[in-house]
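Heads up, the chain below is alone and in the form predicted alone; it's given as C-alpha cells.
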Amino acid sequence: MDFHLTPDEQAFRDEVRAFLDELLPPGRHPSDPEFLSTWQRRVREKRWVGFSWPREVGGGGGSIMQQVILKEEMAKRRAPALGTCFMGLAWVGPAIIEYGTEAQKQRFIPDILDGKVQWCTGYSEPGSGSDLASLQCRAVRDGDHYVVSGQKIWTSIAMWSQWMILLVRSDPAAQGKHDGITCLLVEMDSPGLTVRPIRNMSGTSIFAEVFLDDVRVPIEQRLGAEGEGWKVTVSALAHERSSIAEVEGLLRKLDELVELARASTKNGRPALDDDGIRRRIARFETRIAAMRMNGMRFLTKQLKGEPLGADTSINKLHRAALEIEMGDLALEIQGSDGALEKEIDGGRWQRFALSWPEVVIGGGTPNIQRNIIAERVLGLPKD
C-alpha cells in the first residue's frame, strides 16, 4: 500500500497543523478548564469528534487516512482528547452505528459526540475475565423488559457514568458458550443497580464492581438481536484495537524516559551512559517501531475495505508490556528516589509505574490477547 499523501490529504494535514498552531501555541497549558472548554467546542464545530462516523449521524464523514492524519498530529502535539466521552467514542458509538436502531442512534449518538454523557462497559465478571464468553450475568425476558441479575467487575469509570453497555446471558440453554449472549444499554441510575469503587495501588479508583439485582431494562435498549451480543462485542472491541495513534504516545513517553536517564546519575555518570539502560531503551524503540509497522498493516486492510482481524491483539499485547516495563525502568533510573512519590517531577513517574492496570486490563488482559493470537492468528488449539 502506498502511504504517500494525496494533495487533498496533505491539505488536510496542513489544516490540522494550522488549527493546532492557533489553539496550542507554546506555553499554553492544555489542562486549563477555560481552554479545555474552548477546545472541545472548536473541535466539535469542525466535526473532528467522531471524525470517521457518517455525517448523517453527526460525525465528520472523514476518510480512514484523514482520521490517521488527525490522530497522529494531535498525538504529536499532546493535544487534549477529541471529545470527552472516551468509551462512547471508542467503541459504544461505533457499535450503535453498526447494530443500533434508528431510534437508538438518534437517542444516544448526539450525546456521545457532545460529551454530555459517559459510558462504561459491563463485560468482565469475577469468574469470567480471561474467558469472557463464560459470563453468568442473567437476563430473563418479562414482557417488554429484561430482568437482569448478576455482577460485573473491573468496570472502568462506572462511578461517574450515566450509561453502561452490558453483556448478559439471555439463553443459558444455548449450545455454544458464545451463543445466548445479548447486549443491553443500561441506565446507571436504574433501581437495583449498585456501584462499588475499587481502590487500586496508585491510590485512584478508576475501576468498580457493579451489582445488578433484578434490574429492569426495556427491550428497546437491546443493541442488536437477542442472542447476538457476542457479535456486537467483537465488533466493538475491534474498533478499540485498530488505532495506531497510541504509537505516538509511546514515542513521547520514550523521549521523556531518555531525558530522565540523561538527567539522572548512575555510578557517578549520566544514567543514559549505562550500557544496560541503553539496551533496554533500544529494545523499547524497536518494539514501538514494530507496533507502527503492525498499525500500517491494519491501516492497509482498512483502506482495502477488509475487516480487521484478530491480529490487532498483537499491538494490544505489545502496549501492555511496554507500559509496565517503561514504568519499571523509570523508577530504576531514579534509584532510591524512585520510592518517593514527589521527589522527581512531582511523582509523575511513580504514578505512571502504578497506573498500568488501566491500560493493561482495559479491553482484554494479556492472557486474553495471547489466547486470541494463539487460536486465531497462529491456529493453535484452544486453551
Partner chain sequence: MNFGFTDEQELLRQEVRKVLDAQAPMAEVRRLAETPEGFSRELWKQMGELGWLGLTIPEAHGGAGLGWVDLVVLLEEAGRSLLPSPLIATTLAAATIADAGSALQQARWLPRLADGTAIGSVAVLEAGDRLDPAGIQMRGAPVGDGWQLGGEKRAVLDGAAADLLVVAFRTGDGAEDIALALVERGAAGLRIESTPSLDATQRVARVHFDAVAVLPDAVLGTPGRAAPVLARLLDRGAVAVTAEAVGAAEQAVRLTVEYAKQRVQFGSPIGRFQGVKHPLAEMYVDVESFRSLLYYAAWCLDEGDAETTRAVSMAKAYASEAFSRIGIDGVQLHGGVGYTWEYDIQLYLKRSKWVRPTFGDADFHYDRIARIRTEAA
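Because the structure is a prediction, the values reported are computed rather than measured. The term rigid core refers to the most C-alpha atoms you can superpose between the two forms while keeping them within 1.5 Å. Positions refer to the first chain, counted from 1.
Unshown form predicted in complex with its partner chain; subsequent notes refer to it.
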I'd like to check something about residue 361: if you look in the predicted complex, is any of its heavy atoms closer than or equal to 4.5 Å to a heavy atom of its partner chain? no
Touches its partner chain in the predicted complex: residue 190 (any heavy atom, 4.5 Å): no
Considering non-hydrogen atoms and a 4.5 Å limit, does its partner chain approach residue 71 in the predicted complex? no
Answer with yes or no whether residue 283 is in contact with its partner chain in the predicted complex, where contact means some heavy atom within 4.5 Å. yes
Every residue in 196, 324 and 335 with a non-hydrogen atom within 4.5 Å of its partner chain in the predicted complex? no
Could you tell me which of 103 to 111, 141 to 149, 209 to 217, 253 to 261 sits within 4.5 Å of its partner chain in the predicted complex, going by non-hydrogen atoms? 253 to 261
Considering non-hydrogen atoms and a 4.5 Å limit, which listed residue (245, 174, 133, 296) is close to its partner chain in the predicted complex? 296
Find the only residue in 317, 353, 43, 57 having a heavy atom within 4.5 Å of its partner chain in the predicted complex. 317
Applying a 4.5 angstroms cut-off on non-hydrogen atoms, the residues of 35 to 71 near its partner chain in the predicted complex are 65
Superpose the two forms on their rigid core, then report whether the C-alpha of residue 375 is displaced by 2 angstroms or more between this form and the one not shown. yes
